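Okay, so here's just one chain, in structure tokens, the form predicted on its own.
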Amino acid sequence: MHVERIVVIDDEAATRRLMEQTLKKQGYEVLLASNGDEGLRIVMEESPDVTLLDIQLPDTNGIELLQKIRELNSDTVVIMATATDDLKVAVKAMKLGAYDYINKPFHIDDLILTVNKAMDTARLRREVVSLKEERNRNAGIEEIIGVSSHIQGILSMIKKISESEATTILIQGETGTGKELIAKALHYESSRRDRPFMGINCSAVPENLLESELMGHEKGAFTDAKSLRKGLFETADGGTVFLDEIGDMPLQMQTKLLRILGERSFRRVGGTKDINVDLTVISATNKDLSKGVEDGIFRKDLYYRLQVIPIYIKPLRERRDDILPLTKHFINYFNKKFRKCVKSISPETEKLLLEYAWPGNVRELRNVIERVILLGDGDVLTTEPLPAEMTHKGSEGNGMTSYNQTKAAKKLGIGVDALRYRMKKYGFL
């Protein structure tokens, strides 16, 4: 449990005692220093939540000490104590990063109110740091599970890319392989981890709205533009933009994206001023972009621009070594979520998991494990709660073309979209 700690830096013994007695009654741990050197040492060693700092000290000026504290420990919330009525000094302290100030001699109630407010700010800062750390853990490289040489190669590539100055990356792979997870890992492992990660699904936004979503618009740019609105590129400045389903981006927008990738600048819809941004742009697709180029629906120059650093994620059926590690990972996750205690997998279930073709890839495996944990009983994962398509012996869906949808569609003489519709209709997706 975090102990809320306050440092009092004041050369007046009576003031130190009064502050110590008052603040200890509020439940705080209080540390005392009679001069600047001692106070700075305690702040550095103890990392207090709040520091009460007198402006007049025997060995230094409180303003100078404030600057040192801000440089060396930006987390502590500093309250200045001043015996003068010179507002210029107080204003200067606030500009240099002080949270607030109190006048000496102070009223006990004012001291308590100011310190409690400062401690609220310190708690909020701790929560923000904690949330950032949790976010980084849940979106970082540790979340990519797999023992196959393919996944290990991707992990190695993520580390190399994150340590480089790369700003344009293309992730390719079937639906459900984890493209967004790779994109987040690239962001949160990089020096941009504390800046925004903002994503958009290019196929989910109507063509007439996509430009405004990405670039923003000026007030009055079109009928519903009642105020200025920043787009994704501007909002994510300094961070990463993730363009999912880039293969579905309209040609007109592809042209504008090409300029952004080349110059890292753009204009809002209806705007006349160029806006410069510093961004990593990660794109992802489950489509064959080279075929899109051949068919005239994807720009050749944009394709080559996106291909600066390509990452290809194999489907789960081509890296079966990852099935059981992923299964165990999802079991642990859903055990906690649903307060279950599945500890092992029956041999029969393990065999089915390894032999199934996983057309929906890792996402389908995750959904299946969520289902069996939720519906199953006991501490062993059995075949009973598994979906019917996994347990039907001799299921044609598993043997036909190893779930290669393009091959299956060709054999049946129908399009891939029509095949996927029928697979969903009959429970194979």
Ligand SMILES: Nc1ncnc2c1ncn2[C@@H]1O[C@H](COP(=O)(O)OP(=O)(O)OP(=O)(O)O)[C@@H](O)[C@H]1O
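What you are looking at is a predicted structure, and each value in this text was computed from that prediction instead of being measured. Residue indices: 1-based, along the sequence shown.
There is another form of this protein, the form predicted together with the ligand, and it is not shown here; the text below is about that form.
Residues with any non-hydrogen atom within 4.5 angstroms of the ligand in the model of the complex fall in just one of 359 to 367, 22 to 30, 57 to 65, 37 to 45: 359 to 367. The closest heavy atom approach of L326 to the ligand in the model of the complex falls within 4.5 Å. Taking non-hydrogen atoms only, T349 never approaches the ligand to within 4.5 angstroms in the model of the complex.
Heavy atoms of G178 reach within 4.5 Å of the ligand in the model of the complex, making it an interface residue.
Using a 4.5 angstroms limit between non-hydrogen atoms, F106 is distant from the ligand in the model of the complex. For the options V277, I311, I145, I297, the residue carrying a heavy atom within 4.5 angstroms of the ligand in the model of the complex is I145. Contact annotation: of the candidates Q307, N335, T167, N286, the single residue with a non-hydrogen atom within 4.5 angstroms of the ligand in the model of the complex is N286.
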